[in-house]
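We've got the same protein chain twice here, in two forms, each standing alone as structure tokens: structure 1 and structure 2.
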Structure 1
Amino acid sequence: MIFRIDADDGLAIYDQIVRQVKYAVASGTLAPGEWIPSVRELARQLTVNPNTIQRAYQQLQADGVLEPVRGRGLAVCRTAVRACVAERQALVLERLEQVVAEAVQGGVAPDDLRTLFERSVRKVMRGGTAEAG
């Protein structure tokens, strides 16, 4: 499990962690029943304050993704996968709609938008495969 934090994301650090954990659960990288890194451990890895991690984990518990096991740590809930997959898709759709809406409203032609979209996909795929392989 490796998380990447981007301080310039605009999104709060704890929120980036929440999102990445949910995505990891949705994509199977983090399986139900598995242990998530301890608060202190992840804080050390990301060189972030433990409180920030704590806050992220707390929200993940409130969202039913993690469950605490007294004195052991935090485990991925067995019921979380479906919700995470659904949420991920809903989130992507929502953000796509927002971008598309603003672009169209701002006078970008739909066909130009499709071109830009394809360019994005290709770029990300290149970057992703290049980075992964």
Structure 2
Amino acid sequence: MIFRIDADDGLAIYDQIVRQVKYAVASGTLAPGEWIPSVRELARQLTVNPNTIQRAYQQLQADGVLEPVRGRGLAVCRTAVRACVAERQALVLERLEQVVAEAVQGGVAPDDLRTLFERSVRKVMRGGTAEAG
């Protein structure tokens, strides 16, 4: 798995790591039982403080996504997929609700909003970005 950190994201680096691991588990990129990079290895890869990685890993353990395996490191919990899928869906729903609320406040009709949403989905599925026209 390749992590991407965006210093301009507005989200703390450890939160970005937590979110990326959960999304990877939800999508099947990280499978139950799969090992994740050590704190030192990931800190070196991302050029961030190891304490930041440790904090992310502790949060992922507390959330039941990762589990320590004695003498080996951290692995994805066998029960993590369902929780990660549910969390990803909740986050996407929250973001969609924000967009819908903004559109409705701006006077966009429900049918026009549906059309815009469908156009956005088609564009993204073709490999473009929804923002680019």
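Heads up, when I say rigid core I mean the largest set of C-alphas that superpose within 1.5 Å between the two forms. Since the structure is predicted, the reported quantities are computational estimates derived from the model, not experimental observations. Numbers follow structure 1, counted from its first residue as 1.
Only structure 1 of the pair represents the form predicted in complex with another copy of the chain.
Figure legend: rigid-body motion between the two structures; of the candidates 109, 74, 48, 92, the hinge maps to 92. Comparing forms between the two structures, one finds the smaller rigid domain rotated against the larger by 20 degrees. Look at residue 120: with the core superposed, its C-alpha moves 4.9 Å between the two structures.
Once the rigid core is matched between the two structures, the CA atom of residue 105 is found 3.2 Å away.
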